[in-house]
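First comes one chain, alone, set out as structure tokens in the form predicted alone.
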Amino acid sequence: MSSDPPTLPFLMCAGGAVHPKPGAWAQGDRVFHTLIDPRTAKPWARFPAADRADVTAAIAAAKAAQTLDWTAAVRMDRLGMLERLIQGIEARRTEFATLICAEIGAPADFAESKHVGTAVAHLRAILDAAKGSSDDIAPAPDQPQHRIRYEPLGLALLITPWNWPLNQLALKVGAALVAGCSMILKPSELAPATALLLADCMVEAGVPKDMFAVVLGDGTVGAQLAAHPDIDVISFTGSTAVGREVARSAATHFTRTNLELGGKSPNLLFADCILPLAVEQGIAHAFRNGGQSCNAASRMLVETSIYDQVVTLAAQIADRFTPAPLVSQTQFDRVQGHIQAALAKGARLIAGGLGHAPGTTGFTPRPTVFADVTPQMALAQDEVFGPVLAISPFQDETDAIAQANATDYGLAAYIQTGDPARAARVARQLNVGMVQINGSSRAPGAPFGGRKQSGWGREAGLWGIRAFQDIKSVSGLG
């Protein structure tokens, strides 16, 4: 109908092999998904979901491609493709940012600098790690007859979320490309356009036909892909609940999995930290990207001697914070439910609250801060995935560590202190995969991932590449 939003130009991109014309999608019973701009709550595009035949065809093509000369290709050829991919994304930086704005409502400057910029940085770190390593090494300098070889696992299924549409693609696609795997990418149904633009860049970078495919659809399509016996490795980023189902499905065929799941990351403020910098940075980290980050510093644990001061500062800073939209009405309602539950349990509201941020349209909530959140409250345990910060007091270092570790998650943690010895001591005792101290960023290529219900495996840099490779020991070479 003329009132329908425009249809995205691809159903699936497999190295240029599958580019159906839009008119063909009107045939049969194909399901369409409509994309809603979170800033306005209005539709802006739609796309057809893959059906079971599309899933089967994509897997067959990618599996066949893996048996060609790809795995034996000169490693430098793949590094050249990655270099060209980086150049292609840089050349289309504004185009990527525009799509990310429409898909998840990110502000334009944040979309370009953080979403696109971080994705490019991840790809560069993967490239640097590959150039500084080898896939064929001797276990010891005096034993050249023995070799340890890292070989591609085969066909990689990459399932990515909507919250960082390009960033998550970069971590998986760049690593799998260097590792030598053929790839099927299933992006979130809320953010498919970024993936399709990346597919264009992959073609332009010279990735061979059928070595890379994008299959669009919702969780049903993802489940069909994950359950297929021809998938050799699955890299999934998303919720803990869905990750659990992916792991269960993959176990049927002993398919390797790398799971990057949810988080409820603590931010520990000791009395000797620098205030108000620590509070301002903490709130910014909790609220950035609309609070829609798995490693968001969503719990602020504060030493009692500075607790009242921190609460006052947090209320002031949160009230000045520019609100950002959430990805969908469903996500907005979910965050509102968390706020309502916290109020009902007696958490003290000091900023924000229920409803839309004043003067906004779409799915934009009020940046919200609660104080006096006890460890037993759901707000201290459950991932909200929105701009909602929980502040709780702790008595001493032992209490801080106990509260920090008292969740089912173990992705990231943050420490603010003027005592380097304490920072090192506390970092060792936190049951997480990543610790950042006094506002420090992670090093380029540092491993990203967590423990407990935050998943297993690591992404980024050399760790990301190895996640798509198997280890072979060869002995007795001449």
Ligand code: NAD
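Note that residue numbering follows the sequence shown and begins at 1. All values derive from a computational prediction rather than experimental measurement.
This protein has a second form, the form predicted together with the named molecule, left out of what is shown; the following refers to that one.
Checking 174, 282, 325, 263 against the named molecule in the predicted complex, a heavy atom within 4.5 Å turns up for just one residue: 263. Between the named molecule and the residues 411, 50, 58, 415, the one pair within 4.5 Å by heavy atoms in the predicted complex involves 411. The closest heavy atom approach of residue 290 to the named molecule in the predicted complex falls outside 4.5 Å. Contact check for residue 339: every heavy atom lies farther than 4.5 Å from the named molecule in the predicted complex. The named molecule is not drawn, but in the predicted complex it has no heavy atom within 4.5 Å of residue 182.
Among heavy atoms of residue 303, none comes within 4.5 Å of the named molecule in the predicted complex. None of 316 to 324, 352 to 360, 241 to 249, 386 to 394 except one has non-hydrogen atoms within 4.5 angstroms of the named molecule in the predicted complex; the exception is 241 to 249.
Residues of 279 to 308 placing a heavy atom within 4.5 Å of the named molecule in the predicted complex: 294 alone.
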